[in-house]
Every structure is written in C-alpha cells, then in structure tokens.
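The chain that follows stands alone, in the form predicted alone, written as structure tokens.
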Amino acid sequence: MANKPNILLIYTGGTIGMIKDYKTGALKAFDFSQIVDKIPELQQLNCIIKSISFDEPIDSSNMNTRYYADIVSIVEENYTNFDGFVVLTGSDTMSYTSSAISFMLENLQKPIIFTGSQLPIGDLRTDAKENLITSIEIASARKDNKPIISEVCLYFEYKLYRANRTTKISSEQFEAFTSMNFPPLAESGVHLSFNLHLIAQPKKDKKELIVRKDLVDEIVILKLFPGISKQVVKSILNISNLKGVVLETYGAGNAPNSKSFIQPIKKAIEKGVKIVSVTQCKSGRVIMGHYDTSLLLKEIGVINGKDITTESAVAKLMYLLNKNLSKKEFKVFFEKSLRGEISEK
C-alpha cells in the first residue's frame, strides 16, 4: 500500500480559524495544531495532516503582497516534504490572493487548495468543517500514484474552482464564490467528482518549482461609469510612479470615445504605463474592435484582457510588471494564458 499523503494546512487568518469563547461571546483564533481533536472526522481521511500558522493571523482586509510572499515562502520551504497544501484565508480577498499565488509559483506539480468559511469553525451552522474536510480530501486525491490536482484552486461550498478564475459574489450565502467563465474542476456531493478534462496537467519534463516573490504593487483599478469626469481619469493616470491600470470597461470592452477620455490614456501608455481592458460584466469577454467604442482603445495600445477576472488581472499585472518586458512582449504575455487564467480562443 502506498504511503499516506502528507498535507500541510497553512492558516493565515480569516473567519474559518475563529472559535467562540462561550463565556464572553468573543471570537478568538483557533489552534490548528489541535485540528484533529476539534474535527475528529479528519481521522477518516487517508492522509497525514500537519499545520502551520502565521505568527499573527491577519484579517483578509489587511492582505497584501508581503503576505503573498510569506505564503509562497511557506510552500517553498515545505514543498519537498508535503504532497499537498491547504491554505486558509479570509474569503473577502481570497480570489485576489489565490490568483496571485498561481502566478508566483511556476511548474507547480502539487495541489494548493485555498478555502475558508462564512461562519467560524465553532458555530453551530458553520460551513467551515465541510470546506476544510473536502479541501484536504482534494489535496490528498491521487490517481496512478500522482496528485489529481497540480494547480492553485479554490474550494467553497461543494465546488472546486481554478483559483485565478474566481470572484466572490456573496457576503451572506455559503455559496460565496463563482467562476463565470470557466466550469468547476470538481463537485462534491455523495461522491467527489473531478472534471478531469478541465484540470491543468503538469509539464511532463518535470521541471523544478520556480518561485517568484517580487511583485509590483503600483497599480490601480479604474472602473468606468457614465459621467466619469475627465479630471478623475487624468488624476488617476497621473499618479506618481504608476505602472499599471486595470481598466474596467463596459460590455465587450467599450469605453467613451471622446478626446478628453482617450487622450490621457494614450499619454499614460506612451509614458510606459500598462493598461489592460477587462469587462465589468460578471461573465463574457473583451473583444477589442468589436464596436467603434473599443476600436480606439485597441489603436492606442490598450491590452486585451479577454475573459480574465479583475482579481486575476490585478495579480497578473503585479507579476508581469517585475519582468522587464518590452511593450510588445508584455502585451503578448498578458494576452496569453500562463496559468489557465484566460480562455485562448
């Protein structure tokens, strides 16, 4: 019989790691080294579970690129000793965090599953136990003595998604996440069913894990709305040391075609600012040049984000801006799929 997979739980903070002190009613951080005592069902899983926690667990609202590097460092230091990783973070910024981690780790051969919960682990009606148990089961899942998953994923409420395709859609429903432009990689019901044809396959020439911790965070999201003033657009694009912009356009990539809107964008691009068009719609894609109102953006050098999510576009910008790419190379790399984040069609 094959050895049991070793799974490392990485707790950064968030609702899932809170338990209620029933005397005071206050929430306090859960000690994950005692996880099997609190959730005895874990003993039924065919794996060995260890845990590591941030010294000071953080609220997901305080998540930033420094903590991304901390998560990646923990994976890097433990990569050879563990067969899979389950990362517990707050759900509010989980799509941003997990998308970033997907770009920071190249040639990944093992599963990294992000999960969390809407209610603390000690609550009577908590979703934490199911999310945690199934995430560990997915991280342990093997076929032909190889992990079924070897990419960064997000599991929540019976569905496993590619992490860099997700968006949080509810602050109240247990079904807090969705992936509008890419189907779930697995669904949990009576059986755990993997959609094997959708799961990324590691390159056969087993390359070493490449870890990139340096991200550029001098970027901004500019969301268009009817009546947005030229002063607002100009002041945002003239932010000191600005390197990148995620431009949330209408529909299939449309934007005002007035000179007062186009001119500041053209100037910013000429100064070297990378501007990516993503759609404000929950699903669908940017098709630049499909309408006259997106043709001008294409002509002045705005990058086509296709069907990438805003969260993933932010992460990809942070990742690629550190790579010293020429203008042409940057466009090519952004518009192609690096970690399954964009549909190439």
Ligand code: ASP
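Note that residue numbering follows the sequence shown and begins at 1. Nothing here was measured: the structure is a model prediction, and the numbers come from that model.
Here the subject shifts to the form predicted in complex with aspartic acid, a form of this protein not shown in this document.
- Within this chain, residue 59 lines the site of aspartic acid in the model of the complex, having a heavy atom no more than 4.5 Å away.
- For residue 90, a non-hydrogen atom is located within 4.5 Å of aspartic acid in the model of the complex, even though that partner is not displayed.
- Mapping the unseen interface onto this chain, residue 117 counts among the residues with a heavy atom inside 4.5 Å of aspartic acid in the model of the complex.
- Note on the interface: of 21 to 29, 332 to 340, 317 to 325, 8 to 16, the segment with non-hydrogen atoms within 4.5 angstroms of aspartic acid in the model of the complex is 8 to 16.
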